[in-house]
Ligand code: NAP
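First comes one chain, alone, set out as structure tokens in the form predicted alone.
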Amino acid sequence: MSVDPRTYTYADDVLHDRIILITGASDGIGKSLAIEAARLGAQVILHGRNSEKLEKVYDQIDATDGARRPSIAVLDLVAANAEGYSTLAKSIEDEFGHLDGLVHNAGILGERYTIEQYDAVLWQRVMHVNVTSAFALTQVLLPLLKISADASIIFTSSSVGRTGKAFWGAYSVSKFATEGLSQVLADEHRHAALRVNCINPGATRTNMRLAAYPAEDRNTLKTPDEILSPYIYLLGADSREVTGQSFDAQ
């Protein structure tokens, strides 16, 4: 691969007519990516659990010159059951007929405790939102992704999902699992027109980062808008046949 996703430059129509679902699109990286993808010609489906926040992102996109009007998909990943996932997939099928991109951006941090101190219920919640819900959503959307001639799935990883780090508990373990899920999916579809990769955003000015490092100088961090190039690269046609990899956004 000769392209460095971190410095990838792209045309304003690089995502023209692509149907892309972005989870956790109400804030942070998901919000910035949704706005940029829509500006680049994508039909974006905004996922989140708070309809009011999603409607604000919708309005921002609607007010952006050249951007396609997005759709909204409200689903609480903590409480969602099989019916909820199937209903979401059916609504996408009915409205668009297929899916070209799926970005798993939604996730929760949990608490930074030692394994000895970690609450088992919170552990289960973090693993459920960060791993199990991503698996369940991917599973119901695979038929729609396989219809596309050039589909891409992006999972959100972390440096603590590659090397375990003290006090990162369930979050760290969930990101190890995310890397594994991405690799298994990529290998299962290595002969198909579906690519699967991970992106580690790195230290970014988001609310999750603030929760993890409350004393950190946020002005030293890149904003979500500044780390979008790898996402655009992996969602567009220039990354065809790039699969089973894990990239750093910084």
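Model, not experiment: these values are computed from the prediction. Just count from 1 along the sequence shown to find any residue number.
Keep in mind the form predicted together with the ligand is missing from the figure; the text below concerns it.
Asker: I need the one stretch from 116 to 124, 135 to 143, 77 to 85, 93 to 101 whose residues put non-hydrogen atoms within 4.5 angstroms of the ligand in the predicted bound form.
Answerer: Flagged stretch: 77 to 85.
Asker: Would you classify Gly169 as touching the ligand in the predicted bound form, given a 4.5 Å non-hydrogen atom cut-off?
Answerer: The answer is no: Gly169 has no heavy atom within 4.5 Å of the ligand.
Asker: Give a yes/no on whether Ser26 approaches the ligand to within 4.5 Å in the predicted bound form, heavy atoms considered.
Answerer: Because a heavy atom of Ser26 falls inside 4.5 Å of the ligand in the predicted bound form, the answer is yes.
Asker: If we define contact as a non-hydrogen atom of the residue within 4.5 angstroms of the partner, is Val173 a contact of the ligand in the predicted bound form?
Answerer: Contact with the ligand, no.
Asker: Would you check, heavy atoms only and a 4.5 Å threshold, whether Ile108 touches the ligand in the predicted bound form?
Answerer: Yes, contact at 4.5 Å.
Asker: Scan 182 to 207 and note down the residues that get a heavy atom within 4.5 Å of the ligand in the predicted bound form; none is a fine answer too.
Answerer: Asn200, Pro201, Gly202, Ala203, Thr204, Thr206, Asn207 sit within 4.5 Å of the partner.
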